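Coming up is one lone chain in structure tokens, specifically the form predicted on its own.
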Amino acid sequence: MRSGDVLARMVVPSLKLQDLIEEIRGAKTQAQEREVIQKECAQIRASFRDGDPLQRHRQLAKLLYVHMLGYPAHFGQMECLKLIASPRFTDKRVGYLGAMLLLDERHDAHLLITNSIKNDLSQGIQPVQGLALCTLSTMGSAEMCRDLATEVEKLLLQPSPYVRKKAVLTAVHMIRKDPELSSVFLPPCAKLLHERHHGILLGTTTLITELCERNPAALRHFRKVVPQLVQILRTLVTTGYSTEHSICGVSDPFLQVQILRLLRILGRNHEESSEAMNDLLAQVATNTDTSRNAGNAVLLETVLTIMDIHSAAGLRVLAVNILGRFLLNNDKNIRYVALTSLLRLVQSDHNAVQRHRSTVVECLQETDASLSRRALELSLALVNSSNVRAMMQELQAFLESCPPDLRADCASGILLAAERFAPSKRWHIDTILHVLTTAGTHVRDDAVANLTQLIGEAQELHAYSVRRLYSALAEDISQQPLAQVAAWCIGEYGDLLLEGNCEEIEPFRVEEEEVLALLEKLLQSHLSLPATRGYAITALMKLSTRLRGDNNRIRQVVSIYGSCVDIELQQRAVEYNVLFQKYDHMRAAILEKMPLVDRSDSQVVEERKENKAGAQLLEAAAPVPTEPQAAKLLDLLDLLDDTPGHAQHLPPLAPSPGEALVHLLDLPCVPPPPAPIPSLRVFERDGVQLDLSFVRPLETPGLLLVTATTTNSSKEDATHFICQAAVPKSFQMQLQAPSGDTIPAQGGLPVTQLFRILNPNKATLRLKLRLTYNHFGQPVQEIFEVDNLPVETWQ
């Protein structure tokens, strides 16, 4: 009985496609579904081996359904080729469908259907030509496109609109695969623009757009047809093109959008073409219905076109007003698009965008994170010297309630805007204090140094600043940047804090014991970072010369930290103890108030300190063993961690007798300048360019100083710019902090960053760079290797 059941199962015929679909959908578990599919795939394989031509297309249709469910179906690739070569239309239809689903450029088998497609294109059967063109436009490789370009060009002028439409779309795919085929499709495009068929005209506009974007010669050629495109669009706007293609009362919005995109490309950086379309753009902007989404899409493309071409000033104001109306729309997508577009316009049309400042500020309260982020970026871009007070109030209010992922960007933006447009030093200090109090843990690393420099320069505000900081620290010691600035300020100006003669704030009495207790609390708090404790113990030490009382309490606190686990804090405490015990007579002079330091001078001093430290490191450096060639260049993720190699610098050389004689005679001793190393451009995208310049000091043959200079010639700033670099293991490198994280548009001040690379073995130098920034409202990340550095950089 069981053997009869097995024999009966073996002779059961294969399921039809409809029955297979029903059985798969009826499976209650994933295991049952796999069992059904495995059994049917076995029968499909058996049918393919039998070679029954009448069942081949049915079996392949079932296999394609199995493939759509995510199961492997690669064994049906050769059957697709057999069906395509068949003279029967039913076979060709399934064969071409299978080729589109199962074949791509990664499989060499796709090249085997080139001859079959060529023969089918040459036949006069329109359905077969349509199948071949659809397949070619879906999976055709560059090699296939070059072989079949002539056949597709002939079909562009066929009398059948059905074939011409598919041939145009196939030509678009060919241009994207191989831009060198532009010369083949240039002549037919001018004739196709006279078509009345919607599909052909839409496809032709798309084809011309692709040609212009990839070929400068084509761009110059098609600028001649701008009047014709203007006339087509004017007809669409005024009289309509085809009622069957109208959507919500907007005449053929898809064709309007595509023509506007093409006009934007043709009018960019071309005065004559821009003038030809200015009147039309004004007509489209004023006559398009905005109550429907289709009309909003056309208006957005109109605005983008006005922004990119040489349009009149009144037209640009009209475009900004349209975006302002978009900000009042209930649709979040439309509001996001409006914010992104206004962010692009704020550099070139700042005054026009300023009119919508209140609406932009209201968008900060959006619950959608992407909308509030865009509104924050635009609000920061709208800050200038005339509205800085009002805008800072709004941004500070937003900082108190914004989501945690936006707090760092908001705090950094407020600090940068305050530094740039501060109306007074007191206002500047108050603004920074408010940011440190509200979101101190989210500010940039240089916020502490900038505020201490600002307070030090404002001598008339020392008493005001120290009292404000003392009050803020007494209320909250968890904000570490605030605690560091407050500790520094109390240490420097503690005597002013105790005098209590500040007229600018409400008077309050502060005792010496309260100040010392607050600093001790800061030292003992588990929330304090090691750097904060360093500030606090230094402040205590400085107060020993500023307070009138006994210093025994300060001595006891300092001596306790002489055995601290933190090495930096322990070293400070030990040195301060020695100062109390052996050099007490010098303590007052050593702990005087910090002198004012000019910003430019401080950078020079910092460079000298780094050079001196690097020289000491180089003296103690041992030779680095040579790594195998395969392991020289590490993966970027390994190299760009938080512990980059230390910079190495050459120690100063002892002067030779000749040089000593020159110094005795007070004559200048200038070594001969080294041969200049040519600069190298390593990156360029959308106007953002990165150039590397090189210097090798004569005293340090193994040291290379690389200056990365990033410029931006586009119309929009590149923000949140970060440049990271990696070198092989046999090198040692230190990345200096960049000069900024925003690259100003239109050739503004460049962002520079210094790389110090030590190459003791004089090995071939290679760099791997990672650039991340935001440009035109989109995040950009580029990782690339620079292996064509000049020979002078390492030999």
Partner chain sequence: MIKFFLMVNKQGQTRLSKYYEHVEINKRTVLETEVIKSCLSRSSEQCSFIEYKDFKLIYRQYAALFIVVGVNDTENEMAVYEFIHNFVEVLDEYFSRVIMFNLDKVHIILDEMLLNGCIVETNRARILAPLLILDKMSES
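Positions refer to the first chain, counted from 1. If you're wondering where the values come from, they're calculated on a predicted model, not measured in any experiment. Take the two forms, find the largest set of C-alpha atoms that superpose within 1.5 Å, and that set is the rigid core.
The following text describes the form predicted together with its partner chain, which does not appear among the structures shown.
Although the partner isn't part of this model, could you tell me whether T367 comes within 4.5 Å of its partner chain in the predicted bound form, counting any heavy atom of the residue?
Residue-level check for T367: yes, a contact with its partner chain.
Can you work out whether K92 and its partner chain are in contact in the predicted bound form, taking contact to mean some heavy atom pair no more than 4.5 Å apart?
No, K92 is distant from the partner.
Indicate whether R106 is a 4.5 Å heavy atom neighbour of its partner chain in the predicted bound form.
Yes, R106 is a contact residue.
Is D717 near its partner chain? Define near as a heavy atom within 4.5 Å, in the predicted bound form.
Residue-level check for D717: no, no contact with its partner chain.
Just give me the single entry in A312, I247, L186, A458 that has a non-hydrogen atom within 4.5 angstroms of its partner chain in the predicted bound form.
The option sitting close enough to the partner is I247.
Residue (of T441, N119, T206, S559) lying close to its partner chain in the predicted bound form, criterion heavy atoms within 4.5 Å:
Of T441, N119, T206, S559, the residue with a heavy atom within 4.5 Å of its partner chain in the predicted bound form is T206.
One stretch from 160 to 168, 474 to 482, 348 to 356, 581 to 589 that, in the predicted bound form, holds residues within 4.5 Å of its partner chain by heavy atom:
Comparing against its partner chain in the predicted bound form, the contact stretch is 160 to 168.
With the partner left out here, which residues of 291 to 317 have a non-hydrogen atom within 4.5 Å of its partner chain in the predicted bound form?
Residues within 4.5 Å: N293, A294, N296, A297, L300, E301.
P403: with the rigid core matched between the shown form and the other one, does its Cα shift 2 Å or more?
Comparing forms between the shown form and the other one, the P403 CA shifts below 2 Å.
Flag for V383, CA shift 2 Å or larger between the shown form and the other one after aligning core:
Result for V383: no, shift under 2 Å.
Core-aligned, does K177 move its Cα 2 Å or more between the shown form and the other one?
After core superposition, the C-alpha of K177 moves 2 Å or more between the shown form and the other one.
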